[in-house]
Ligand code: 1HN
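First, one chain by itself: the form predicted alone, in C-alpha cells.
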C-alpha cells in the first residue's frame, strides 16, 4: 500500500468545504493516522504515581476538605499526562482512582454500567457489600463490583482505609453507555461471613453442588491477598529464573477472566530478579503491593516503591526489576486484554 496519500491541500477548496458543510470528510488525507503501519499511534505515556510522597498526603487532605456526603466517593484519579488530565484515564481504556474512607463513614449504595474492582492499599476495618454479601477489605484484597450490581462501602475500624479503584469507565463512557443508579437505602446483609471466599478457597476444587447447576458469572467476589501471595511464593519454587511468576485472577467455576473487559493478575519478583514481560497489545497498570524496584517501559526507567502505581501503553516493552537482593517484590496488574480478546485483536509478541 502507498504511504504517499492525497492531502487536504490537494483538493479544491469548494469541494472540501462542501463536504464539510454536508457533514462528510474525505478519508484518504487522514487514513494513515487512523490506520498506521505496523504499530498503533499512542498518546499514552509511561507514568508513575508515588503514593507515600505525593498521592497519600493529597488524599488525606481531601478527607479534611471534603466530607463524604459532599463527595459520595472520595477519590483522586490518576491521569495519564499523555492523554490529558481532563480525560480521567490512566490508559485509553483503564480508569484508576485512589479512594479514601474514614472511620464511621459509608459510601452509599448504587450500581453502574462500568465494571469495577477495588484493590486495598492500606488500613483495617473497611468493607464492601455486594448483593448482600459483606466483603472485608484487608490490605491486598481484590473486591469485584461487577456492572449492574448493587454495591456500597463502609468502615467499622479506627484508621483511614484506602483502596485502588480500577474501572473500564473510559470504554463505557466512550460508547455513551456510562451511568449509575442510586440505591436510596443500604442493602440488607444476608451473607455476613463472605461465604463465597470459603467455598472457593482452594484452586482446582469447588463445592460439589456447583456441578449440578449453571455456572455463575460472579461466584466469587473477594480474592484474599494472603492466599494469592502464598500461591505466588509456591509457584516461584517451580518457575525458572527470568520467567515471570505470574498468576491470573479468574472465575473459579469457569476458569475465564473474572470480569468482562479488564484482566487482573499478580506478579512476584524474586530477590534481585529482572523479568522481561512478553510484549502485548493490551495496555496495563501496575500497583506495587510489596517491595521496590524499577520498571523500564519502552526504555523509560521508572523507580517504584511500595504502594506506587504505574501505567504502560499498548504494545509496550516492559522490564521489571526487584531492587532488593534479599526480599521479594509483589505487583498487582490490571490490563484490557479481556476486551481485546473479545474484539479479536489481542496479540502477544515475541520477546
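This is a predicted model, so every value here is computed, not measured. Positions refer to the first chain, counted from 1.
Omitted here: the form predicted together with the named molecule. The next part is about that form.
Visitor: Could you tell me if all three of 229, 246 and 287 have a heavy atom no more than 4.5 Å from the named molecule in the predicted complex?
Guide: Result no, not one residue of the spot touches the named molecule.
Visitor: Please identify the residue among 118, 155, 270, 134 with any heavy atom within 4.5 Å of the named molecule in the predicted complex.
Guide: For this set of options, the contacting one is 118.
Visitor: Identify, from the list 215, 124, 199, 73, the residue with a heavy atom within 4.5 Å of the named molecule in the predicted complex.
Guide: Exactly one listed residue reaches within 4.5 Å, namely 73.
Visitor: Can you pick the stretch from 271-279, 166-174, 233-241, 247-255 whose heavy atoms fall within 4.5 Å of the named molecule in the predicted complex?
Guide: Looking at the partner contacts, the answer comes out as 166-174.
Visitor: According to a 4.5 angstroms non-hydrogen atom cut-off, is residue 89 in contact with the named molecule in the predicted complex?
Guide: No - in the predicted complex, heavy atoms of residue 89 and the named molecule never come within 4.5 Å of each other.
Visitor: Under a 4.5 Å heavy atom criterion, is residue 222 part of the interface with the named molecule in the predicted complex?
Guide: Residue 222 lies outside the contact set for the named molecule.
Visitor: Just checking whether residue 110 would be counted as a contact of the named molecule in the predicted complex - the rule being heavy atoms within 4.5 angstroms.
Guide: The answer is yes: residue 110 has a heavy atom within 4.5 Å of the named molecule.
Visitor: With a cut-off of 4.5 Å between heavy atoms, is residue 194 one of the residues that contacts the named molecule in the predicted complex?
Guide: No, residue 194 is distant from the partner.
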